[in-house]
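Next up is one chain by itself, shown in structure tokens, the form predicted on its own.
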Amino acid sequence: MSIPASLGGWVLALILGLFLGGAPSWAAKVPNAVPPDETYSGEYVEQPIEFPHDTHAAVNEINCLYCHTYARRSSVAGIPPTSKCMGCHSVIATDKPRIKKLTEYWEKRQPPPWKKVHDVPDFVHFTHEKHLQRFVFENEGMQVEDVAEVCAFCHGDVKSMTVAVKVRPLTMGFCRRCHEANEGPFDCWKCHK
């Protein structure tokens, strides 16, 4: 059996990494955690402004928690107020169509009517704060700069997306399997209120 040339270098790096010192560094972005590997093909949710997560999170390396400030202390991650966006975009890229549209909302004193992408039923109580505590703030060896790796557990690699797309199933089975792999609680009332 031969390995295709396009995969050969990757396979060699993996084998050498395991032989010389355990798992490669990219395999351990979130220490003491087992990330879920299930995928889901969600519907595209059209937004009032096509927000480029890739530009902000990957190119400009803005931490998820800078914009989604509620995630560290609340059940919801929160959508940043328009004032946070305008803090930069009153001077940066003001000629771009997306920013012109954002500025229109700002001048009307209205937030853009964003639509939920990662929604769960109303009877499900998911708290971002508890998950960030477990996987980031109380996780020895985890750097807050790498929080996107934890966010990716449920949201996928948002840094590679423009408008966020649902790429994980976010079903009870998905959550339960993650809890099993990471020694999460199994009390029904932790998630169902």
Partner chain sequence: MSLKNLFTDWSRYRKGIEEGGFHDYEHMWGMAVDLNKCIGCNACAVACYAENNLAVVGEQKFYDGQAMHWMRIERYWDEPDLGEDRVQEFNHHGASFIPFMCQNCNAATCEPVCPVAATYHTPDGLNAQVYNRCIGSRYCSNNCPYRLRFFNFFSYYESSWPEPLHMQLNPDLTVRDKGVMEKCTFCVQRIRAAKDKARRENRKVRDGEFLPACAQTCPTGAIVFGDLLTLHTPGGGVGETEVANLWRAHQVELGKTKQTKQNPELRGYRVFEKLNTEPCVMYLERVREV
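Quick caveat, the model's predicted, so the values are computed rather than measured. Residue numbers count along the first chain shown, from 1.
Another form, the form predicted together with its partner chain, is not on view; read the next lines as being about it.
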| query | Is it true that 123, 138 and 193 each have at least one non-hydrogen atom within 4.5 Å of its partner chain in the predicted bound form? | reply | yes
| remark: Within 4.5 Å of its partner chain in the predicted bound form, heavy atom basis, the matching stretch of 60-68, 129-137, 46-54, 148-156 is 129-137
| Heavy atom within 4.5 Å of its partner chain in the predicted bound form - residue from 96, 73, 115, 108 | 73
| Do residue 180 and its partner chain share at least one heavy atom pair within 4.5 Å in the predicted bound form? | yes
| query | What residues of 167-192, in sequence order, lie within 4.5 Å of its partner chain in the predicted bound form by heavy atom? | reply | 176, 180, 186, 187, 188, 189, 190, 192
